[in-house]
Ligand SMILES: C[S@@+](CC[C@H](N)C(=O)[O-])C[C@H]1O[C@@H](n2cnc3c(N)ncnc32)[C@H](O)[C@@H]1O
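Starting off, we have a lone chain in the form predicted alone, written out as structure tokens.
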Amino acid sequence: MIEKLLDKDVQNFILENENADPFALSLKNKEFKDIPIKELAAQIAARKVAKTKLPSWYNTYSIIYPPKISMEQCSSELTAIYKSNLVSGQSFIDLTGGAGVDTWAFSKRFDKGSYIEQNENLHSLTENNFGILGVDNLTTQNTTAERFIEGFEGSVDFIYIDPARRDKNQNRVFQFSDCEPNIEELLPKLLNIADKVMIKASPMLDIDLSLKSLSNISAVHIVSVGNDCKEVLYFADTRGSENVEFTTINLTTSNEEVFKFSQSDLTKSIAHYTSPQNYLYEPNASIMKAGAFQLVSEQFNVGKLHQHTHLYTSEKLQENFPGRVFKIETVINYDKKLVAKLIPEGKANIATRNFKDDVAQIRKKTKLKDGGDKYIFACTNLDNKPIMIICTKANKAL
């Protein structure tokens, strides 16, 4: 199938129908050049995803895209480059290569590398793509991570592994011991081969439990893109650390929000609490995942609104706060008539934090539509009363 998909006419057909509806396409054609139209529709759909997720793939002629689930699960180009910039050396191994996005990024930082993938079709497809992308310093093997490690002799500078977080029935799993491969069992063997190991995990996995289950962890990176937490990276080395270093990062189109701290910083930090003042702060998704709720208050000199309300406030603007910042216009009780009076345009962006009603219930009661330049944060204050904070986005440059 790969050879058929590489046919020039087939590639041109995919490009020409980039914006076509797959269903409408199937009504016009049953196949093209002996390829079922559903296969071509899958390539067109994957290319649409790649336009934003993998722009280098999208802009390269003759890339063959993997199945839908692989496109969904693979790293974005942005996160792959972030990971690759954390390491370098002579040699590396990607034990769970998948669509090859991470391997491609790491190949630019090492003299040579190995791509390992157990799925035969995915291995062949990605091997083809490496050639098209001009990656010439990799060897590839179609085998499992466990088999490869059993037969490996020698050492490398770095090993990367992204264990599958679904069981044989495609149900999600939430512990490393249930992932494939079982990283808890495999990690000691990897540290006999490599100076450093990076383990990619889903944000769904609990960080505290993961640190207890994994040995020799020295650092954790929590990576968000556009305030959407995408992955948690665990770094292991032969020494490990009793005081793990954390880096939270939110990658945006314009900048990087970075906040670093240690495990001991988390346990020792103490928040101070206050009523809403002039500015409101919402930590980015990576900080929320890290659970650095007390530390944010301490480090950025902002008051927390309530123990369980992870919103912060200050009288003076804190420009370097890692998250969204708003200028508070007014604070009111949860009163639909007052909301209607203060927002006559009938539009607002609503979020809830530690509040009795969800956004849908608030919209139903207040009749507010989504949109506009007003923001409402419905939350609980220090007196355990429901309040609504009406604000607009603050200009951090002020």
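What you are looking at is a predicted structure, and each value in this text was computed from that prediction instead of being measured. From 1 onward, residues are counted along the sequence shown.
We do not show the form predicted in complex with the named molecule, though everything after this point is about it.
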Mark Y234 yes when one of its heavy atoms lies within 4.5 Å of a heavy atom of the named molecule in the model of the complex, and no otherwise.
no
Is G98 part of the interface with the named molecule in the model of the complex - any heavy atom within 4.5 Å?
yes
4.5 Å heavy atom contact, T144 to the named molecule in the model of the complex:
yes
Hey, in the model of the complex, is N216 touching the named molecule, heavy atoms inside 4.5 Å?
no
What stretch, of 254-262, 117-125, 287-295, 131-139, brings heavy atoms to within 4.5 Å of the named molecule in the model of the complex?
117-125
Of the options I222, I93, M198, C74, which one has a non-hydrogen atom that comes within 4.5 Å of the named molecule in the model of the complex?
C74
Going by heavy atom distances of 4.5 angstroms or less, which of G89, G323, P203, P163 would be at the interface with the named molecule in the model of the complex?
P163
